[in-house]
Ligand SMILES: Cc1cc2nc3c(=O)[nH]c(=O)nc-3n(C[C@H](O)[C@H](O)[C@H](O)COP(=O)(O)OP(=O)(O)OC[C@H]3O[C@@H](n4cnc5c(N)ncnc54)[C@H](O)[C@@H]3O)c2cc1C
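Just one chain is shown here, as structure tokens, and it is the form predicted on its own.
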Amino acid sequence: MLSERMFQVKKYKYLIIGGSVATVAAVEGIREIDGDGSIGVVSYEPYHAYSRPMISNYLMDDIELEDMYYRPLKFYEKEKVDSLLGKTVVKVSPDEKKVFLDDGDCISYERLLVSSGGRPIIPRINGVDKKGVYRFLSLDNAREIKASLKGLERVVIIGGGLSGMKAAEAIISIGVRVSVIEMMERVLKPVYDETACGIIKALFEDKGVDVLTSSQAEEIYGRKDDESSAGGVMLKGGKKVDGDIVIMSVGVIPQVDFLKDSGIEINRGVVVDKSMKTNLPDIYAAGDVAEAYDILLGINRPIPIWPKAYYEGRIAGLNMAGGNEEFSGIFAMNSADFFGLPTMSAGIVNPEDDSWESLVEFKPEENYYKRIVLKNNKIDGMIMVGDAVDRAGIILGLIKDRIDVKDFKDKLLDKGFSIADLPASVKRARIRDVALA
């Protein structure tokens, strides 16, 4: 048993599990109030916090590792952070106020932040343990894939979400053929509507990517000369899609396995209140592992996006150090560039019924698409593709502040729509918010 072993014990006033942007924000929040309290950060990765969305850029040699870090490495020294990298937490014991690591070490804490992020979903299909089957979530995943691509002819990607499509873009861009297998009837379905998905799919196909929708992977079969190595993917129905390697990119779920038996309340993710506290004293959670209040859906749920992780981490850090801040809620937001085509979505993009109203402008020949989803004269969602993203910021503000747009609804699709088109009362509030930011 862990409790019966001999441990090397470290002690910190503030201990943070995870190496994400939420961790960086928490450190900054703590240091705003407490300049000297000891801070320890333990992360299973051997790197400081970096941008996961940029691993596709790293894969295609568009960026160096140093440019992926959220903060310069000197940040951790300046803020007096003890970084315990390449170490995995296997157990949290709130009664003892201790955390146990896979190498046998034990860390005690006064206040704990869980910001362990997410882990990849592994589909239940035969062959996932073969050589040449990779995940696409971390920098190490990207490094492994990058090293394996030399001399390959074709790659199969299971999953047509944001990370899967970005992996496809990176790999086709370096001259390797790619097939994307997506179980749903269109790629990127949770993020965009049918029109936007169609624009993006056509763009990928024009670049040479074979996009297979409504296709379910049943088995990763082996190579003819080596059954233990991946040779491609068998689809339901019997079709074979050959590939020298297979990349699994079907989504993430909150990384909460190590919290089993801790007493910390977990639903889909760690349950927190508006101050980012869990149900147990002196334990907080933030980032992709925590459930956040969705201001549009009116429920708490995991929302794996950068702004949420940063805001939650900052609030958690401030409150761990004695502050009294609250997280007001957020909504889903996604932004991605595909082969130079900018795209953005936010809020409700696939309304469930006709109680929502949609304002739409579509110019197929320009890959220009703008859709604004409203209910009761308040914007609940938006999709922007191409040059339409230029005015995304002001629409995001109207969603966040739940502004009634009745008096200027007819201008929302205008290419030049700006803060100048808002009523005076709304304009003053927006200007004040910008000044205070």
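Start at 1 with the first residue shown and count on from there. Quick caveat, the model's predicted, so the values are computed rather than measured.
What comes next is about the form predicted together with the ligand, which is not displayed.
- Of the candidate stretches 229-237, 206-214, 179-187, 88-96, only 88-96 contains residues with a heavy atom within 4.5 Å of the ligand in the model of the complex.
- This chain lacks the partner; the member of Phe136, Tyr109, Phe331, Phe327 within 4.5 angstroms of the ligand in the model of the complex by a non-hydrogen atom is Phe136.
- The partner is absent here; in the model of the complex, the one residue of Thr278, Gln255, Ser345, Asn319 having a heavy atom within 4.5 Å of the ligand is Gln255.
- Put simply, Tyr368 is far from the ligand in the model of the complex: not one heavy atom of it is within 4.5 Å.
- Looking at Asp34, you'd find every heavy atom of it more than 4.5 angstroms from the ligand in the model of the complex.
- Put simply, Glu45 is close to the ligand in the model of the complex: some heavy atom of it is within 4.5 Å.
- The closest non-hydrogen atom of Tyr221 lies beyond 4.5 Å of the ligand in the model of the complex.
- For the partner-free chain shown, nothing in 202-237 comes within 4.5 angstroms of the ligand in the model of the complex, judged by any non-hydrogen atom.
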